[in-house]
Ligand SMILES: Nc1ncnc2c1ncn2[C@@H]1O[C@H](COP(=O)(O)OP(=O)(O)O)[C@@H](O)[C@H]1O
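Shown next as structure tokens: one chain only, the form predicted on its own.
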């Protein structure tokens, strides 16, 4: 199977002296799920930003969908970020003056893409699965933290990206809503989306997935 993500010898330093990530290797194929654990400050967010083409590595090689990522031109990959990668950030990054519906549809609205019947059908499906169907007309500013999190997850999933990156996706959710989110993640993985989840919650269950611990700049496979 060809790898969606193929990283080897990756290193990241912000000052040229101390490496947050070093000699890190990681591979993930379509439909596969990886869960990454690690202490605060160990470099988890840095790794996600590099994988998601929001930041560049200092050294090493990164192939995304078989295409070598140019470390010096990471800003040139906005099209890939917009169409092939979905992000779930800890800070939600919703536009609070807009409705939940417009926030979820933002990946289309931002790029001026046409909203087809298929898009609205996917919106309805995601809203039901994530328990936010009754919130679509509500302003994002009026949502609770857990509701904002689920809206942000729906926004990341609306385009059915090749890769979904989630940073603590259930951090503000109770047990019931965490279950909704994990079930939604399982379903998109079954449809072929690769999923990377960073969490402190070792109780999260994503079915058949690979678990890693990020420590001393490297990923270690958990047994």
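Think of the rigid core as the biggest set of C-alphas that the two forms share within 1.5 Å after superposition. Numbering follows the first chain given and starts at 1. Just so you know, these numbers come straight off a predicted model, no measurement behind them.
Another form exists, predicted in complex with the ligand; not displayed. Remarks below refer to it.
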Inset, instruction - Heavy atom within 4.5 Å of the ligand in the predicted bound form: which of 183, 174, 191, 39 fits that? Just give me the one. - result: 39
Inset, instruction - Can you check 44 to 52, 155 to 163, 174 to 182, 24 to 32 and let me know which stretch has heavy atoms within 4.5 Å of the ligand in the predicted bound form? - result: 44 to 52
Legend entry - 4.5 angstroms heavy atom contact with the ligand in the predicted bound form for residue 209: no
Inset, instruction - Examine residue 202 and determine whether its closest non-hydrogen atom to the ligand in the predicted bound form is within 4.5 angstroms. - result: no
Inset, instruction - Using the arrangement in the predicted bound form, list in sequence order the residues of 15 to 34 with any heavy atom within 4.5 angstroms of the ligand. - result: 18, 20
Inset, instruction - Could you tell me whether the Cα atom of residue 55 shifts by at least 2 Å between this form and the one not shown after core superposition? - result: no
